[in-house]
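First comes one chain, alone, set out as structure tokens in the form predicted on its own.
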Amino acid sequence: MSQRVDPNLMKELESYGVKKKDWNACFHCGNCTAVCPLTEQGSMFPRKGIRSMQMGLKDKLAAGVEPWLCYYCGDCSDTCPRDANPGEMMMALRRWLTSVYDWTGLSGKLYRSKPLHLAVVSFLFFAVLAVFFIFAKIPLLSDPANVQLNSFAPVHVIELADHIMLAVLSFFLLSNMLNMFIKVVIKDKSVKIPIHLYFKEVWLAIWNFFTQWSFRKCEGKLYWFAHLFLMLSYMAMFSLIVLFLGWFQTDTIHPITHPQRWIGYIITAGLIFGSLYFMIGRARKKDRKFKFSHHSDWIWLFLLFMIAITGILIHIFRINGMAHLTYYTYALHLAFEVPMVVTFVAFSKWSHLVYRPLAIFFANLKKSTLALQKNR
């Protein structure tokens, strides 16, 4: 089947972080495939995606899953004889693919423009503060030690806002996932996947979603742990906020042994440890995988860190009866949380947590289908 060449593809990819000197330097020696711990026998990963990119095969690149199979161990870039930095190319291609799946075009705009991304985050930040300034009422303090958080921010109002935001973002993310499925599976006429394989292979995708198990094949287990701890902590926090806010946001101060408190402490530890680990790594730039940073990386990490810091400060102020500080910090906490959820969950960094296991799922579906055809 003929493939249409897009002469503007490389210029487009450069706006997502692909460096001209890198893609132009690769001459497909095979070193990256040989050293990558994630490469399977007979696979051309990650060269297949780089080749499609160099040839301007936009549709083929959009239908590929190779960039999602990469966890950026850094071995390929460290040992590349041409210093083409294939690991960083895979990272930039993941940004581009995220924009390809997103039918709204917002992902692409946020990834390509640092000023726009900062402007959107700033607008949402100040919009949340404005809502609190206009509508929130600070309770009268007959007893200064009596912190009435649910009078300042009624849990049923916050919960309703959470559910509306969840519904809207779920619509965008699910529709983008469907778009990915169409591009990667439906439009691929070379394989016809039997229905029963979808049920057989889905469990491995779920396992990879919660464990990032393939990541463990890379050297440097601390990198895997920091990534996993950060991801699980944010998922737990997001679930508590959306599904169990009435249990988590209460004016009752539970003893330290209560699950509400130690779950909160673990989540906070995960967010602070993970965000600091990646910020320090990106600031020092000693490790290859931290050498190059996109503006979305820094915005994401900053918001995560501030969410964690304001979250634990709310708790400290509340249990010590510091009412006004509790209320003001709560408003700040949501002012950091809303931009994170709106710009990253469906349109940027956090959406990768969905696309990666989906890519593994689709790749395994095709591999299992080909194996069945071969054995017939």
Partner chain sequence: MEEARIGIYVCWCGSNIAKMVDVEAVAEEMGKLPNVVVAKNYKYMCSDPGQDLIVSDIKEHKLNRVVVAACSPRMHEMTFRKALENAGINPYLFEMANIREHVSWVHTDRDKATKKSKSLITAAINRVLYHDPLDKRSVDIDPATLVLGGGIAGLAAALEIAGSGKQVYLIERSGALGGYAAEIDLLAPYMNSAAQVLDPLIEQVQNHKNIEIFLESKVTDISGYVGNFDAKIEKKGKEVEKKIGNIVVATGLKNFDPAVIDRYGYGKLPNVVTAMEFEKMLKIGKVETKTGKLPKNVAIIHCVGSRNPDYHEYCSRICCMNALKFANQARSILPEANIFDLYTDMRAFAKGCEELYTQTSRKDVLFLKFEKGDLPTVKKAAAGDDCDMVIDMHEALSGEDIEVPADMVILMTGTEAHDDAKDVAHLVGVSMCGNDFFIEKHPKLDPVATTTDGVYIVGNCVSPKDIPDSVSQAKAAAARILASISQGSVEVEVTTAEVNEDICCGCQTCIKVCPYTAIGYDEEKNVSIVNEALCKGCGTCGSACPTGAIRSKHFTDVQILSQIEGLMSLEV
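Everything numeric here is computed off the predicted structure, so don't read it as measured data. Numbering follows the first chain given and starts at 1.
Beyond what is shown, the protein has a form predicted together with the partner chain; the following relates to that form.
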Inset, instruction - Answer for residue 315 alone: is it within 4.5 Å of the partner chain in the predicted complex, judged on heavy atom distances? - result: no
Inset, instruction - Report whether the minimum heavy atom distance between residue 331 and the partner chain in the predicted complex is within 4.5 Å. - result: no
Legend entry - 4.5 Å heavy atom contact, residue 82 to the partner chain in the predicted complex: yes
Inset, instruction - Check whether residue 354 has any heavy atom within 4.5 Å of a heavy atom of the partner chain in the predicted complex, and answer yes or no. - result: no
Legend entry - Of 319, 55, 62, 325, the one that lies within 4.5 Å of the partner chain in the predicted complex (heavy atoms): 55
Legend entry - Joint contact, 25, 48 and 51 to the partner chain in the predicted complex, by non-hydrogen atom at 4.5 Å: yes
Legend entry - Options 27 to 35, 335 to 343, 306 to 314, 62 to 70; stretch whose heavy atom lies within 4.5 Å of the partner chain in the predicted complex: 27 to 35
